[in-house]
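Presented below, as structure tokens, is a lone chain in the form predicted alone.
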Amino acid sequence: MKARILEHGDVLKIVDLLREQGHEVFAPFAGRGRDTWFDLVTDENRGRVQVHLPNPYYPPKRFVLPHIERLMKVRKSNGDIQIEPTYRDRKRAIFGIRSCDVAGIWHLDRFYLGRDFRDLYYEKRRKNLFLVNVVCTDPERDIGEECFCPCADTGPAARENFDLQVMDLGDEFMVVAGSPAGEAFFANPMFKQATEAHVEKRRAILGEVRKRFKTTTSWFPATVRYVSQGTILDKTWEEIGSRCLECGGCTYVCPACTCFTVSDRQIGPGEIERVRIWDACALSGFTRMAGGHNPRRAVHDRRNRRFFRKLAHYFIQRELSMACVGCGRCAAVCHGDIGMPSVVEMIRRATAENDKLQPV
């Protein structure tokens, strides 16, 4: 990968260059307190774009997998039926996407594009998406109480699957190209050649930042093994399920969740649209079958399924990554304290305690 140096005051010129190339650019903005969000950059709000701020809870995966997306429109006129697919293929860019969310989009790529069947709707959005990753280097603003990306091996700096990466070195930014499209930006004279001293400074900053994460767990490998082997005690799943309020919040804020449902609805006389909507395994109707039978009516059965899907070796092998990127959003929004770090700890402690009771 090639790296360049950019003056501190020029970092938002990357946004300007992307807009000049015809991209709709989405970047992070801050409101009051912890409130942050990604929004479209315009001439009016461009000056309010921020590099260092808490990661927005609403994940940027919605720019490739919208929360609600029309797939097609069906018209009936004079006995004829016309089907009109709806594809969105505008050029878009996300400036300021964190490393955990880069990993989340890569996981979606593996799910929607990496197997026998490719999702055309996702593919058209993804091929027109430019990612500018921002490395989390400010412990006070970038790193939240719930962040645990080092445990998931996704941050604080992404190693791949971005187009450009921006890292604050204090008095200037290091910009790394992760794709030919990103490297093309280095033709602009505002980018200066990086030196070995810049690279060493980057390493030192990352080494220090990794020590500042408050939520850490080294029990992921053991938990993956127990989930894959199916040796987790029923009472552990029941305890996890008893805490769940079935709100679906953990799924809706997760950058790596892939589930959706499809619904048809009438939008006018003789017109029906088919839409894809995010779905959540926490919801009671998620596993309800056409005849009305629900094989996973009990909430702990659905919690079992959620963490099996995220941690089981079968899915990790199939998609080449764990379906958890360490962003901590599930821990932040869960009222029952069964976000990923808590569940990993509960599973490991309960299983370890049971192992001590088994004869040697």
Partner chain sequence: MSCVAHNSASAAAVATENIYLPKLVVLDRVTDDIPEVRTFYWHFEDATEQAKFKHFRPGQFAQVSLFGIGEFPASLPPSPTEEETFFTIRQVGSCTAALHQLKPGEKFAVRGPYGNGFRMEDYYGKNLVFVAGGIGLIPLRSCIVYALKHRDKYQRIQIYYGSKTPRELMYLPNLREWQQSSGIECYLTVDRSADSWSGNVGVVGSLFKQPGVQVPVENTTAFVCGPPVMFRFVIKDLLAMGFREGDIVSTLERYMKCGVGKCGHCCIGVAYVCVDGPVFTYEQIKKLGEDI
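In this text the structure is predicted, and so the values were computed from the model without any measurement. Numbering follows the first chain given and starts at 1.
Another form exists, predicted in complex with the partner chain; not displayed. Remarks below refer to it.
The partner chain is not drawn, but in the model of the complex it has a heavy atom within 4.5 Å of residue 80.
Taking the partner from elsewhere, residue 238 is found to have every heavy atom lying beyond 4.5 Å of the partner chain in the model of the complex. In the model of the complex, the partner chain stays beyond 4.5 Å of every heavy atom belonging to residue 197. Among residues of the shown chain, residue 126 is one whose heavy atoms approach the partner chain to within 4.5 Å in the model of the complex. Judged against the partner chain in the model of the complex with a 4.5 angstroms heavy atom cut-off, the residues 109, 163 and 285 are in contact without exception.
Of the candidate stretches 206 to 214, 285 to 293, 167 to 175, 186 to 194, only 285 to 293 has residues with heavy atoms within 4.5 Å of the partner chain in the model of the complex. Shown without its partner, this chain lists 267, 233, 245, 181 as candidates; in the model of the complex, only 181 has a non-hydrogen atom within 4.5 angstroms of the partner chain. Site annotation in the model of the complex: the residue of 318, 67, 335, 46 reaching within 4.5 Å of the partner chain with a heavy atom is 318. Shown without its partner, the chain has 258, 259, 260, 261, 262, 264 in segment 233 to 266 as residues with a non-hydrogen atom within 4.5 angstroms of the partner chain in the model of the complex.
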